[in-house]
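The chain below stands alone, shown as structure tokens; this is the form predicted alone.
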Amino acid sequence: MDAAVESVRVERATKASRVFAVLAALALAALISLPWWGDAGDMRLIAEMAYYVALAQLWNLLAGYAGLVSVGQQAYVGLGGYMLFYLTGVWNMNVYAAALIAGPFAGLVAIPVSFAVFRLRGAYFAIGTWVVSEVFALLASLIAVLGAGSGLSLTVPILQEISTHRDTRDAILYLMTLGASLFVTGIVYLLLRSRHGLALTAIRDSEPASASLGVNTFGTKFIIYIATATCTGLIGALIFLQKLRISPEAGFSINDWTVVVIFMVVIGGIGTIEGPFIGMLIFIFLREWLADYGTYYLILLGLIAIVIMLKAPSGIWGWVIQRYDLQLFPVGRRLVLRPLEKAAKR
């Protein structure tokens, strides 16, 4: 008989992921070139999709891997937006520098917040994060320098720091938002591929078991919470830089910045990088399709979420992985057997 000698190789990428990488590169090139062939409406829509993907990836990292189901991430969206408006309007800081500071400021505020909310578990943690967000919204509505309940608006000189031409300004803001979304997605992907990603996966599967194996569960969760707050603050600054105005209701809106994001992650596939993209596309499609029916689309979104949670608890992409073992962003390692040669006949 012939005895096949096989080698064992450790691989990350799959055939599907390699094909997807090529298609994604082509799609990214088209998106980057959009200012040269699209109009302002196209750029606003794609920019909105980009920052929603970024927020969904961050919430997915927080809840889907670290097990921190927060319903108060709108706090850091609002903090990032308000810091941008405060630094540019009161301190006359350059708008680009202010946007870069907004993210770390949100992360800095998240440090004392984490020590408070980390004392809570399960549903109490979720409620605690929401209460913290409401406190920030209330404080913003009481501080006169932040415009109190009326909020703040960006002035023309501030906008001219970006560009004196509106078309150029729209293109720059679009590319900044697209770049930030790619940055967040890339950071999440690289993090999950690292040893810290293994720790997060272990925590997601079983926190007591991961702790017994030496994983610093508190330290890992703390770092993830601060990192997501920092990136969320940066995204919040870019969101309101495009909207040109911020108020407590808009900046700390639980519906716009948390409920919608949770919907995207849950129906797309929590605990997967692909899930937020799918959830975002479904949300945008339904919102645009049902735009003439007011807020009725929210009812339909709720019904869709319920159906998917009943039929596919792990979300659409989670169902795809279970059924077809298809991964476009492979973060784990696989053992692959490859034949080398055949032994001589005995």
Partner chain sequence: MQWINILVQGSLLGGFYALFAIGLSMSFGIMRLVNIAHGDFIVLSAYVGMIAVDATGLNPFLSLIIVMPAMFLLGYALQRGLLNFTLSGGLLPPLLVTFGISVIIQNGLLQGFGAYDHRLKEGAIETASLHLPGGFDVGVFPLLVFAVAVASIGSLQVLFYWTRLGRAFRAVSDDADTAELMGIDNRKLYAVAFGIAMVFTAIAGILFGIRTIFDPAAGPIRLILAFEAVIIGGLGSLWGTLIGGMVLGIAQEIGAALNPNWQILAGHVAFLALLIMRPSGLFPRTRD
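Numbering follows the first chain given and starts at 1. All of these numbers come straight from a predicted model, not from anything done at the bench.
Keep in mind the form predicted together with the partner chain is missing from the figure; the text below concerns it.
Peer 1: Just one of Tyr96, Phe183, Tyr189, Tyr124 has a heavy atom within 4.5 angstroms of the partner chain in the model of the complex, so which one?
Peer 2: Checking each option against the partner chain in the model of the complex, the one that comes within 4.5 Å is Tyr124.
Peer 1: Of Val259, Ile172, Leu108, Leu100, which one comes within 4.5 Å of the partner chain in the model of the complex, counting heavy atoms only?
Peer 2: Exactly one listed residue reaches within 4.5 Å, namely Val259.
Peer 1: So which stretch, 22 to 30, 273 to 281, 43 to 51, 287 to 295, is the one near the partner chain in the model of the complex (non-hydrogen atoms, 4.5 Å)?
Peer 2: It is the stretch 287 to 295.
Peer 1: Within 4.5 Å, heavy atoms only: does Tyr86 come near the partner chain in the model of the complex?
Peer 2: No, Tyr86 stays farther than 4.5 Å from the partner chain in the model of the complex.
Peer 1: Should Glu161 be classed as touching the partner chain in the model of the complex when contacts are defined as heavy atoms within 4.5 Å?
Peer 2: The answer is no: Glu161 has no heavy atom within 4.5 Å of the partner chain.
Peer 1: Please run the contact check for Gly302 against the partner chain in the model of the complex: heavy atoms, 4.5 angstroms, yes or no?
Peer 2: Yes, Gly302 sits close enough to the partner chain in the model of the complex that at least one of its heavy atoms falls within 4.5 Å.
Peer 1: Can you tell me whether Ala116 touches the partner chain? I mean in the model of the complex, with a 4.5 angstroms heavy atom cut-off.
Peer 2: Ala116: contacts the partner chain in the model of the complex.
Peer 1: Using a 4.5 Å cut-off on heavy atoms, what residues in 62 to 82 are near the partner chain in the model of the complex?
Peer 2: Val69, Val71 sit within 4.5 Å of the partner.
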